[in-house]
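A single chain, nothing else alongside it, follows as structure tokens in the form predicted alone.
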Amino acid sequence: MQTRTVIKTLSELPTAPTTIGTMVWNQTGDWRYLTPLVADKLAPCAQHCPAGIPIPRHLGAVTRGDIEGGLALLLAYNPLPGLTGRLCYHPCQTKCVRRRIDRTISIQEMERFLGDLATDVTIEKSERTDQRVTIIGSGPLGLSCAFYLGCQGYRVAVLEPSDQAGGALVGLSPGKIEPTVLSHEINRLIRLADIRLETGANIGVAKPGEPPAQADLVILDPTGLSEEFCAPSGAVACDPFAAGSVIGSVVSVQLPKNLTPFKVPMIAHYIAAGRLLAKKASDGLRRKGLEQPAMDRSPLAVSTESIRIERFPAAEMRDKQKETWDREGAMQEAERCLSCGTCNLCLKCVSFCPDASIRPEGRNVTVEVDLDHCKGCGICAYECPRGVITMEDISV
């Protein structure tokens, strides 16, 4: 029988090799042939949002308790959330991966809650320019376009021929939209983008095809003008969803057939059209003296197969009829979001990396890889439950 050895002092320990210091000098990243790439991707819900809202990102801000930040991010893609939160046919919810576990996220109700917040939210805006844009009609398309142009620094005036702003939304039954909600949404949009709104305006152009005095560009909003309104001769037709830029000084917006006549549940499409039109108009105006901005690269889409739903437990369900939409209730609902394709610092990759080569990135809600020491084993990509990390051969 082997005798048990009892060590009583440090001097009795057996001799063993010891490393003093770190292995930072040993840059084992040269061993790697596949590289982990960390990049947020479009979630299935965002892929089917007509307004292109990065839903996991603004819900993630709400989850962290940053309600105002979540609202500001939402407004960057949808300046009328109180309207879409009541009127949109919400195709985003039909693609919510969470429904494969328990119940879809109440994305539309979250938009409605955030839109109804009585808050002094602020957004970033560009410096003011001397260029002026006049938008005739104050429907959802025209208001959206005015918002984005105003945020880019243009001096925007919205001229509404009738006594009430809202265009095709005016006159809807209170069961669809309350007049106070419509005015609240419009007033916030006007304030945030520093837009001048004039109701009961006398519409006219100096000459056919020319803009009114002191305007560099005039845009005619089909969701804000009656069918009897006739565009002046010389006005240039523009489909916001088609390729090409805005050419001319008076633009008559021509929408695709599926958006004409105006359809209330398609409101997010009209808001998206306004944002696209603002981009086209800004590009055209910048060619008159301002620097052309770089084109944004569209993020990749994440597939539902990349979401490891087996790693997410079912949540304790509440009675939807009894849900209270206060800050606490909104945070609880936002916490149920799987954050598909979007890093939310769950730190699974950090915990499982055998080389300690992944760490939180201090400026944003994401992680970064130490490529000097990452060997490309792929464990981080395997452990990422949201499809954010992929292994790629970047040598080709």
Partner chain sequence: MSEQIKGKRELFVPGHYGCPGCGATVAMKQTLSVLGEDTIVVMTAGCWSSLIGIYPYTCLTVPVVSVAFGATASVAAGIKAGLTCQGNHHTTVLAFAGDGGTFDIGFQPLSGVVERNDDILFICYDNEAYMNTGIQRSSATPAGGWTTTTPDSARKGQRKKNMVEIMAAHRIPYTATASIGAPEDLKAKLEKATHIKGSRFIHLYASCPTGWRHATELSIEVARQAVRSRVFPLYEVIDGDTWRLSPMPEKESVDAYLNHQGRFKKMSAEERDRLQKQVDDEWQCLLGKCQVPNRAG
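Residue numbers count along the first chain shown, from 1. Every value quoted in this text rests on a predicted model; they were computed, and no experiment measured them. Heads up, when I say rigid core I mean the largest set of C-alphas that superpose within 1.5 Å between the two forms.
Form predicted in complex with its partner chain: not shown, discussed below.
- Contact with its partner chain in the predicted bound form, defined as any heavy atom within 4.5 Å, is confined among 334 to 342, 26 to 34, 63 to 71, 49 to 57 to 26 to 34.
- Under a 4.5 angstroms non-hydrogen atom cutoff, its partner chain in the predicted bound form has D355 among its neighbouring residues.
- Proximity of R359 to its partner chain in the predicted bound form: non-hydrogen atoms within 4.5 Å are present.
- At a distance threshold of 4.5 angstroms between non-hydrogen atoms, D370 is in contact with its partner chain in the predicted bound form.
- With a 4.5 Å cutoff on heavy atoms, I394 does not count as touching its partner chain in the predicted bound form; it lies far away.
- Residues of 5 to 36 placing a heavy atom within 4.5 Å of its partner chain in the predicted bound form, in sequence order: T5, V6, I7, L13, P14, A16, P17, T18, T19, I20, G21, T22, M23, V24, W25, N26, T28, W31.
- The two forms, fitted on the rigid core, differ between this form and the one not shown by 2 Å or more at the CA of P360.
- Here G70 does not count as shifted, since its C-alpha moves by less than 2 Å between this form and the one not shown after the core is aligned.
- For C340, the Cα coordinates differ by under 2 angstroms between this form and the one not shown after the core has been superposed.
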